[in-house]
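One chain follows as structure tokens, the form predicted on its own.
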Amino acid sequence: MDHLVTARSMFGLNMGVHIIFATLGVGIPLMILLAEILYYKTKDKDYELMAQRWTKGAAVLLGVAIPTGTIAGVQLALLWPGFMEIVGKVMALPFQIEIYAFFIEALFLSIYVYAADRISRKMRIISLILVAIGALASAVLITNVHAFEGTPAGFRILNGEIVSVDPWAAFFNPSFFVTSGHVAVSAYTTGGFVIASVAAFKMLRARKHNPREYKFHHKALMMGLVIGGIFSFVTALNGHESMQKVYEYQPEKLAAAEGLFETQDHAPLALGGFTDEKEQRVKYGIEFPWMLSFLSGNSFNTVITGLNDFPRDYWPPLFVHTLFNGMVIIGSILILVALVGVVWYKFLKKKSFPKIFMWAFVATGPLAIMGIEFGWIFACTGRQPWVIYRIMRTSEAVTTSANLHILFFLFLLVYIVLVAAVALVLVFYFRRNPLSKELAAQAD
């Protein structure tokens, strides 16, 4: 790998790991909060036990999100000094506020974990509300830096100097609200489906020999499907709005996402296939006539600028079409699976699910995480070759330090060990504290 590719790969490796834990760190607290509310309303102790067990898992995930987030901050300074020079002068506000958001999250999670038996039920719910708010605010504030990269605002560069700095204009850049909304709803989608996935897997194991555990996990499954389904639908609506922002502010990214080379109105939407640069079309895809124009500007007459109207070195990598399609297809599958599960149980009044349904539910968690990965890679890769759109190229922001490939492999080793350790800790803890034992204690 050349120098720039190595730097991008190193940071991408870190973010590819961190985003999993950060996303679950936003989504799981909402599920814990809802379980506590359901227990408060119904007095069903299963929901209290869900909240307790999910909290143990969330604490482990938070313990990993902190160091991976810290490493991301270190890598920003190490790998992208040119970018950090602008961010330090213009966009430092989200980083500063994020410290307070994380403080709120950590403080009230500690209160909930260590003082739960000494505070009232209402105070436990209030603590969880503040945990959820802190987690969401932390994610939104950090992601706002990414929004700023795509739609920079609040400064000018005059004779090589940064002038006319307005930190609030930079903070509330044109894509702030749609990007922060997308982060929130996609995190809640992932949290719901990860819970549903684990519950479905446990139901398959408990189906014949342990009806009490089966019933417990069934409740968790339905919670996950309902929350995951609702927020996956909202994510789709928000994703549509996000693409309209891309049409307005990053037209070459939209053209690359759809493999569109020639400027045209009544532009088709291409689903599936791959972009062939030589033939300048999407091969083996399914075209929906006029739909790209309509979805981009709410009119079939909307003109979509093709890639050929931009300089070749402005083009993003053309494989972003595949990333975008992967994100859209996964989101559609999640909506469908959640809808089928809820209709089967709530409206058709079926007491159990066919095995094929159960395995589909198991798949929702990994699919949701894949959707998150596809989404952030598409967002960042689709902005290339810019680190700050039309202001600074990624190649201009990268460090001049040599031997990055050695650091890359060291970080790769660290993350392999870290991910393996997380898996082992979670497995070890829940094996040492099986559900059957806690259900028996609950019955006593």
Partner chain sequence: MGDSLLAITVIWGFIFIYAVMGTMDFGAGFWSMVYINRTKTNATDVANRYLSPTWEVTNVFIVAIVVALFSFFPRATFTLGTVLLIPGSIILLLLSIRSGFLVFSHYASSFKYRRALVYISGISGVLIPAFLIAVLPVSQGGFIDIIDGTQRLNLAKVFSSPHVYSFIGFAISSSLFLSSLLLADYSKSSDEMEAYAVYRRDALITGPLSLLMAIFIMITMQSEASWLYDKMMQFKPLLYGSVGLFVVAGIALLLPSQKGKGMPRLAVVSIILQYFLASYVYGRSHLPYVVYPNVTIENGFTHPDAFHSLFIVYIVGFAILFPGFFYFWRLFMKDNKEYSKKKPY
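Numbering follows the first chain given and starts at 1. Please read all numbers here as calculations on a predicted model, not as lab measurements.
One more form of this protein, predicted together with its partner chain, exists but is not displayed; see below.
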query	finding
Its partner chain in the predicted bound form: contacting segment from 90-98, 187-195, 331-339, 245-253, heavy atom within 4.5 Å	90-98
The unique member of M222, A106, M370, I133 whose heavy atoms fall within 4.5 Å of its partner chain in the predicted bound form	A106
Proximity to its partner chain in the predicted bound form, single hit among N210, S110, S299, T263 (heavy atom within 4.5 Å)	S110
G63, T70 and L404 all contacting its partner chain in the predicted bound form, non-hydrogen atom within 4.5 Å	yes
Partner proximity in the predicted bound form: I157 to its partner chain, non-hydrogen atom cutoff 4.5 Å	no
R118, heavy atom within 4.5 angstroms of its partner chain in the predicted bound form	yes
Contact test in the predicted bound form: F411 vs its partner chain, heavy atoms, 4.5 Å	yes
Contact label in the predicted bound form: G285 to its partner chain, heavy atom within 4.5 Å	no
Its partner chain in the predicted bound form - contacting residues of 394-430, heavy atom within 4.5 Å	T399, T400, S401, A402, N403, L404, L407, L410, F411, V414, V417, L418, A421, V422, V425, F428, Y429
